[in-house]
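Next come structure tokens for two forms of one protein chain, structure 1 first, structure 2 second.
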Structure 1
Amino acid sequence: MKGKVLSFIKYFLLIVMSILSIFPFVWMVLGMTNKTIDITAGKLMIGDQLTINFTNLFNNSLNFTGALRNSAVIAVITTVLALILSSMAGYGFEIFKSKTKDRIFNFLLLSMMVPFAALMIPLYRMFSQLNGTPLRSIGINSMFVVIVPSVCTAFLIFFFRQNIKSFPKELVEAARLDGLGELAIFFRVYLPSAKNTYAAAAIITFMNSWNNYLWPLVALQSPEKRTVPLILSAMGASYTPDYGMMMCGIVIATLPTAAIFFVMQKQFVQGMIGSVK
């Protein structure tokens, strides 16, 4: 009896929270079918503007399709590189723990604390100096300029390290006795056991990269290189923004992250560690 009440409470709570969470998303989808005036007035009905809004989205001077492509390439590369580099670093800090490494680690945490706006101009200057050199392919206006600052973040290293704390270190010792190299231990012993950590990190990194705004804004100059958030911002910039059209763009822009989340959250499976041999 008690169990039933408890599970009822649980489901009730989840359903209420879900409704609250999904509501704005539904509103956004409904917005695709409405005119601006109905959207700002908060009307919750299916309108008849869907095709018009869609046509407007793809028929203006802003290249929305191109932006989707740019964002996708940047986000995928960033996520893959960030996951590899940060997980290795987090592993290095925790498995090969030492006083010096702890100090370096605490120092790295400092890098999360400065508001990015303060770093932007020095960073811009740094990358723009590359433009006259053979390294210009990672200078201002290249795709790389957006990727490089996000592939190694203290945030992600911190996250991996905290998760590795619950990884049984005996497994590493055992693998060493078996004669495995350190890198092989990382890839063959640790990595397969940390699916859920990687899944969470992938979701967050992809999302952050996909939504990244400030740095791409200043670092990407050619209009054809702009990413989705920059295009959406340009669309909103008018005396009377066309919200119907923007909602179409926004819904499309939200789908990749939602899909990644749905796929990745399936990796949140218990008991991985126990199954490692």
Structure 2
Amino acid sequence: MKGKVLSFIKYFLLIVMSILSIFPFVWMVLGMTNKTIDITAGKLMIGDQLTINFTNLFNNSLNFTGALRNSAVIAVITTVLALILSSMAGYGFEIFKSKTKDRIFNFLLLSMMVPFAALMIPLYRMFSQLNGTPLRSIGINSMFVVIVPSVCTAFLIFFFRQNIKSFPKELVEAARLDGLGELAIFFRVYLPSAKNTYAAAAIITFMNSWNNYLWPLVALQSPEKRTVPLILSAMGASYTPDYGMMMCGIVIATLPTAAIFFVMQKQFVQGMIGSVK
């Protein structure tokens, strides 16, 4: 009897927490079908304004379509480059051990304690000085000014190094005996066996890049370069915000990250616990 009571309490609490967790998403989906006045009044019924809200979202002067394109380009390029460079760095730190590399890695870990807000001014000064040089394509107000700082992070290097610890080092030695170079070993031996690790890192990197707000707000100064978080912020900053239109934008902005997570959630869990198959 006691076991049944405890089981009932456990499942009851899980149901309550699930409802509380999913309620904001339900309210968001219902809000995209209603007028602003209905949303502010707390209406939790399906309305008839869905088409109007979507029309307003894509036909206003904020250029939401362009922001979606900018966010997608930045997130995809950042994810691909981050996976390649960070995994190679983590692989190098673990496979080629030395006291010097360990000191560098420890210093790299210390950089994780520095908040990004403290780095914004140095980053802005550094990238702004590139605008008058041949490297102006990665200067301020370019897409690459958002991509470059996120390509190789201390967290991703640490993440890959920790996962590589469980990689059989005998495979590396065997590949070397067969005459493979270090790059060939990385791409032909290690990379195919670490799909779960790459999947977990891809989800984390894509979500961080897609939802990045602070640095793009500072570095992207032209309206046509703005990303989705900046557009959504601009919608809410108006004197009379259209909450129905905002809800449509938020739902659309949520779909890519949600879809990637649900498609790759199994690999994400396995990658986070360090499984390498």
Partner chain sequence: MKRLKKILIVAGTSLLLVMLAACGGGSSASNDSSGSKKITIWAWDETFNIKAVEEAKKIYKEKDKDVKVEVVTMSQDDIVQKLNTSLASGNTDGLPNIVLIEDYRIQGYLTSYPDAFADLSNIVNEDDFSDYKFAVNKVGSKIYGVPFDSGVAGLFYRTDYLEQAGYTAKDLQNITWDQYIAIGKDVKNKTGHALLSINPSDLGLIRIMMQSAGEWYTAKDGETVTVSNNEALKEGMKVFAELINSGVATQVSDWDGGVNAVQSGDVASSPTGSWYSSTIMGAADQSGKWAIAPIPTLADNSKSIPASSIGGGGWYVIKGVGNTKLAKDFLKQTFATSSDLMDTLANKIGLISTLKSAASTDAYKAKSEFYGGQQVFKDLSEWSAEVPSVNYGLHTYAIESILTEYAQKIIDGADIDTVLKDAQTQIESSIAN
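Just so we're on the same page, residue numbers count up from 1 along structure 1's sequence. The term rigid core refers to the maximal set of C-alpha atoms that superpose within 1.5 Å between the two forms. Predicted, not measured: the structure shown is a model, and the values here were computed from it.
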- Note on the structure: Answer check: the form predicted in complex with its partner chain matches structure 1
- Query: Where the rigid core has been superposed, how far does the Cα of V16 end up moving between the two structures, given in Å?
  - Reply: 6.4
- Note on the structure: Core-superposed CA shift of F262 between the two structures, in Å, is 2.8
